[in-house]
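Starting off, we have a lone chain in the form predicted alone, written out as structure tokens.
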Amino acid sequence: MIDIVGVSKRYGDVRALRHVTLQVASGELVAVLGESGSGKTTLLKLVNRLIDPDAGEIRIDGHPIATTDPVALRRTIGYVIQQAGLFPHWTVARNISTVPRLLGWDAATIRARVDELLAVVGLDGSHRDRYPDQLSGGQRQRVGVARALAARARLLLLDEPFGALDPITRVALQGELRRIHRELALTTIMVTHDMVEALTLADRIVVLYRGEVRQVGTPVELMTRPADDYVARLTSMARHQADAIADVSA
């Protein structure tokens, strides 16, 4: 479980987050939704201590992360960014095994874990010795997810992981993410600016606007009971897209 309590963060004169409070239950997939500059990525970086808050506290399973060594903390959290961020001069297998090697796992265990995760993300063993530039965008994102899970992380942070992909690949990977989340019983926080993506994937959605939480709720709650005009505009965009598709299909 993740408890974010009264967290605020500024960058100079820019207020990125203001008094954000959020609880993410174990096994939940929460989407953090908002336009550019709303504080979404800042929130993820606070959870894995790439940055620290100016005020407030974050706890994971009841333990304040401020008392945990940041490097040790990050090795227990899977983190996936847009375009995967793979090391271009390393093979797929070496990319996936980055954290297990840092943790001192033996070679046989690492190899077995790489093979296991390739299967989990839908890639066969022929990919293990390829380099990132030999993969498609969707394959690179799959490797990025495998790398994030390599040290058996139970918490997965995703920062717009599908934003740079073509629509067909994006939809396919969204389905894979939901499957992996369920099969591995992960706790997942996914940042997105796409309301349809959030409605499709998330158990609950957090709407951020200029660093403040506007609403937290299930997809149904946001669609039927938006908390304010801003949330209503976001949900109306999703309805408009659905209506446009229905008109084309009619």
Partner chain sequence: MTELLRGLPPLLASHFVLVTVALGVAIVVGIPLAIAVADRPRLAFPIVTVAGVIQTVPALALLALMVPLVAETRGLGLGVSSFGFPPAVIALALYAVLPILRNAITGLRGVDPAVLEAARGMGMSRHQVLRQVQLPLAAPVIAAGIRTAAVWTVGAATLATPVGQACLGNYIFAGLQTRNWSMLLVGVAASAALAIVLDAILAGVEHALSARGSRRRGIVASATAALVVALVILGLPHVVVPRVSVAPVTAATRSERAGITKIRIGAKTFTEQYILAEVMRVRLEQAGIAVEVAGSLGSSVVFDALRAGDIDAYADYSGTIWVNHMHRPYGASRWQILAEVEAWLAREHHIRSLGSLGFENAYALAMRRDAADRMHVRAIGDLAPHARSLSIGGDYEWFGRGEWFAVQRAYDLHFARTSTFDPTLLYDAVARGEVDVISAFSSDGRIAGNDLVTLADTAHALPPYDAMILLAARVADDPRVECALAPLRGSITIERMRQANLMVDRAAGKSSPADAARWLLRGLPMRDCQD
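What you see is a predicted model, and the numbers here were worked out from it, not measured in a lab. Residue numbers count along the first chain shown, from 1.
Beyond what is shown, the protein has a form predicted together with the partner chain; the following relates to that form.
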Heavy atom within 4.5 Å of the partner chain in the predicted bound form: which of R170, R113, R128, R74 fits that? Just give me the one.
-> R74
Contact with the partner chain in the predicted bound form, heavy atom within 4.5 Å, among D106, D124, D133, D166 goes to D133
Answer for R152 alone: is it within 4.5 Å of the partner chain in the predicted bound form, judged on heavy atom distances?
-> no
Determine whether any heavy atom of R142 comes within 4.5 Å of a heavy atom of the partner chain in the predicted bound form, and answer yes or no.
-> no
L86: touches the partner chain in the predicted bound form, heavy atom cutoff 4.5 angstroms | yes
Does R178 reach the partner chain in the predicted bound form if we count a contact as any heavy atom within 4.5 Å?
-> no
In the predicted bound form, does each residue in the set K45, L50 and Y79 place a non-hydrogen atom within 4.5 angstroms of the partner chain?
-> yes
Taking the partner chain in the predicted bound form and a 4.5 Å non-hydrogen atom cutoff, the residues of 87 to 112 making contact are F87, P88, H89, W90, R94, T98, V99, L102
